[in-house]
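There is one chain below, alone, in structure tokens, taken in the form predicted alone.
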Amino acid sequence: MAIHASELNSAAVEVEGISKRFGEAVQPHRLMPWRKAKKPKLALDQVSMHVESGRITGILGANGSGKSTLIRILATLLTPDAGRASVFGSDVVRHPAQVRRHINRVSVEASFFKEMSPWENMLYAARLYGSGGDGTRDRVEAMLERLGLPLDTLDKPMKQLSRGQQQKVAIARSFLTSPSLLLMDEPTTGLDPRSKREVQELVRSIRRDRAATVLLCTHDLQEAEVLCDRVVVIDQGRVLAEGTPSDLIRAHAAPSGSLEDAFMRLTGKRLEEDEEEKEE
């Protein structure tokens, strides 16, 4: 549900000192002393950030860096252990219902009713957000056409669609509800280059035409460089740097360098190489 312009303040998202730890410390069992003690994992360590309204802000980090945990906290799916976060002035812990009015989320592992068609899934989502009346079918068809999804797939069961086609439906579903804050967690993973460009152009149009704010987690540093107004580099649960892509390149890469060069300088690793080693 889009918010009125008068409700907007300078910040779409404010995060102050957010920390999140998973798991409890587990000591070796007395009957199996050779087993090592397990330590809790610190996913976020006093993270703070400011996201202005109407911008596309990228969160860059390898798997396990904490970026998806941050997105889930902003989506009210997780509760932080310390710190606070707000969306358009509403605290994500104290006022989750107000936050949910203004957001939608699309992740790399989108959930669907697999026996239902894309149209039925989209209509369900629209009605859940209080729409779904006359004209919804036309809006859905127009959006899927812009994403390059053949309209003859609209009434097939979701389980018959390819991984890339399902991801396009997930993206279209998130746009359908006209969110004021769109949380996108690896939205173009699994898409071919042409589909990636179609999604990127749709993101730009959503920001341009509806003044929506987009928070984008991506593994694609080139995508972040061309799409994002600002980027935040996060590693091992901590923010290492933030600014415009050109600012980070100028500060952390050679004059002719790229955002990937800046990322490697900041983190000491290549994003793509680390992705192959572990899952977040």
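All of these numbers come straight from a predicted model, not from anything done at the bench. The first residue of the shown sequence is 1; numbering continues from there.
Another form exists, predicted together with a small molecule; not displayed. Remarks below refer to it.
- With the small molecule left out of view, the stretch that reaches within 4.5 Å of it through heavy atoms in the predicted bound form is, among 49-57, 223-231, 238-246, 64-72, 64-72.
- At a distance threshold of 4.5 angstroms between non-hydrogen atoms, residue 252 is out of contact with the small molecule in the predicted bound form.
- The shortest heavy atom separation between residue 141 and the small molecule in the predicted bound form exceeds 4.5 Å.
- Looking at residue 186, you'd find a heavy atom of it within 4.5 angstroms of the small molecule in the predicted bound form.
- In the predicted bound form, the small molecule lies within 4.5 Å of some heavy atom of residue 41.
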